[in-house]
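Below you will find one chain, with nothing else, as structure tokens; this is the form predicted on its own, and questions on how it binds or moves follow later.
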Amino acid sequence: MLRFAPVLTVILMVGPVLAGLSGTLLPAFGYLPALGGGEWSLAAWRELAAQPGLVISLRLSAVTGLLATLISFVVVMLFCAAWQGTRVFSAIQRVLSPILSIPHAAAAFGLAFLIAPAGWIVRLFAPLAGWDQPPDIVTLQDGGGLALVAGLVIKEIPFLFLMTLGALQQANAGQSQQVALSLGYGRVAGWLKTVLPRIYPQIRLPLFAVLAYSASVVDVAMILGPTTPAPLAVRILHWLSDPDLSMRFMASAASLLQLALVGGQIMLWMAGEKIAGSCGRRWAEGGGRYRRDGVVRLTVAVVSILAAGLILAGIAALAVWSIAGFWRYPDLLPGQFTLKLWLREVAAFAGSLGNSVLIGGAAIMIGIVLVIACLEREGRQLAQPGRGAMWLIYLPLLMPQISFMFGLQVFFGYLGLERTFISVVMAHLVFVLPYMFLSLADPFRSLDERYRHTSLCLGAHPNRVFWQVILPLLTRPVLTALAVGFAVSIGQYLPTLLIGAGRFATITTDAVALAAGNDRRMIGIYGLLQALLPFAGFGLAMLVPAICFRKRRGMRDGL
């Protein structure tokens, strides 16, 4: 059965994307008999072009996506260059790793609670500035999308940082840095000249994934982004949710436009790579040592700590608002704390909580079986997939969700699975599988093959070796992959909303729906629950091995 695992995994991961794109392509050109579209036409495109503010929406999506990706990339690279191998680097590594599990929407709500005109940051400076009332300044949903860029940057920095860590280990970056330092180069310049060219090819696909996500994000844009007009992805969602079914044709055309926008941005980034590579080569050959880099090191450390601090402070703000009673401006804390709202809403969010756990649990159970089967087949055949397989793994992450979700909805409709639990789980699986594979692949492949070979030499069947030797040794990485997959599932907004057609309310869909209102206490409850669910998953991933291996000292710290 193992030989079918890679094919089945690709079908479940890439198949829905291709089916969804096909289901979007046809109505974009007027063909969707279920909605009365029986002839090919360009009417949807003409209607789309006539939409007011379309160019502004496109510009917002393009600029915020590129800016967020570029800032995140520069901060991560400079931080690694300035601090790799130091205590500061280790400390930031420990802080950023758990932050990665926080869903984007929860981080966006937390940031909104901090930077709002009546948020914690303004309240902190209000006594000094003499603000008796919240200042009349636009810090949220600004027309330039700066709040949206900030929300994306603080979440993408941890992701790119952890992707870079894996690349650094494979590139022996520490040795290269020591050689550069011994030749008299500054820490930052030496790292950029000797390490960056070798690790960049390994973080290129994650960078493209960040770019695609940032340019097409919906939930974060609904919380932090401008509304008149909104970024293109948000407007597409509104057209898809319109009671007038004829709007689906125009929404499909807009979805393809969103896909073209992301494709164009990736091509633009690739062109920038060539220019940067050419300039970087000349810079490296110039031989400049740039020893005085103290300001750069300090600045990038402050920015990195600020990014992590904003997320943690935002989660704290969500927690405080969820139990806040009367809270007068500009007091830093509420005048009273109460659990009255939690007790009142427990029945309301219990259902959403249950749906989140059930959908996420089903998706990760299917995902872990497929991922382990693929990796075990690799181990038995002593062959690793090539670059093409990596592109397939990243394909769902490189495609804007909004570009194929409607088509996938139509596809499930043809299969008779529309608005079912199975279809929602399958949609989540498309995004859960890549992250689980990336999380488990390195630990699985780095496991010492002598364990397997020794067991086989003792006469054990390969299946017995897997169940009694390999899997117990990989307990901790497997549980971590499950926790990663669960965190990814919890953060899914569009797949739950569009594929489930609103029938499967989760903590994330409820939280984003509250963004349109102004009830901060309710947002605090749902945002906090959204952040805590992934933490619970990672907590179990740490607790279970500690209990199971409490009498096996060598297994406590993992492999």
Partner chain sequence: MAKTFTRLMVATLLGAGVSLASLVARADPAPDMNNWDAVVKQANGQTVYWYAWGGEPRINDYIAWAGGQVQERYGVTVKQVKLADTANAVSKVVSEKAAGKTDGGAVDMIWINGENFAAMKRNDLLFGPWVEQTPNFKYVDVTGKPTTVNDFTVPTDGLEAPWGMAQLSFFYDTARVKTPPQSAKELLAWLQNHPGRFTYPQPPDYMGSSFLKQVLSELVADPAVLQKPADQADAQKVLAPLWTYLAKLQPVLWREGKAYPANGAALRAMMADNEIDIGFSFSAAEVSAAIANFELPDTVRSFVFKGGTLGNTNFVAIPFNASAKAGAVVLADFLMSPQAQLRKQNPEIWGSFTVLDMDKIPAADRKAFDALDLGVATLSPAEMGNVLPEPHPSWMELVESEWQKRYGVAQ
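Positions refer to the first chain, counted from 1. The term rigid core refers to the maximal set of C-alpha atoms that superpose within 1.5 Å between the two forms. These figures come from a predicted structure and were not determined experimentally.
Note that the form predicted in complex with its partner chain isn't included here; everything after this is about it.
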Test of understanding: in the predicted complex, would P52 fall inside 4.5 Å of its partner chain by heavy atoms?
yes
Check A513 for me: does it contact its partner chain in the predicted complex (non-hydrogen atoms, 4.5 angstroms)?
yes
4.5 angstroms heavy atom contact with its partner chain in the predicted complex for G517
yes
With a 4.5 Å heavy atom cut-off, would you call W283 a contact of its partner chain in the predicted complex?
no
If the criterion is a non-hydrogen atom within 4.5 angstroms, does every one of I92, Q178 and W342 touch its partner chain in the predicted complex?
no
Pick from L532, A501, L70, A43: which residue has any heavy atom within 4.5 angstroms of its partner chain in the predicted complex?
A501
So which of P229, P98, G379, P443 gets a non-hydrogen atom within 4.5 Å of its partner chain in the predicted complex?
P229
Tell me, please, which stretch of 259-267, 193-201, 288-296, 130-138 lies within 4.5 angstroms of its partner chain in the predicted complex when heavy atoms are compared?
130-138
Does R198 show a Cα shift reaching 2 Å between this form and the one not shown after rigid-core superposition?
no
If we fit on the core, is the Cα of I305 displaced 2 Å or more between this form and the one not shown?
no
For T420, is the CA shift between this form and the one not shown at least 2 Å following rigid-core superposition?
yes
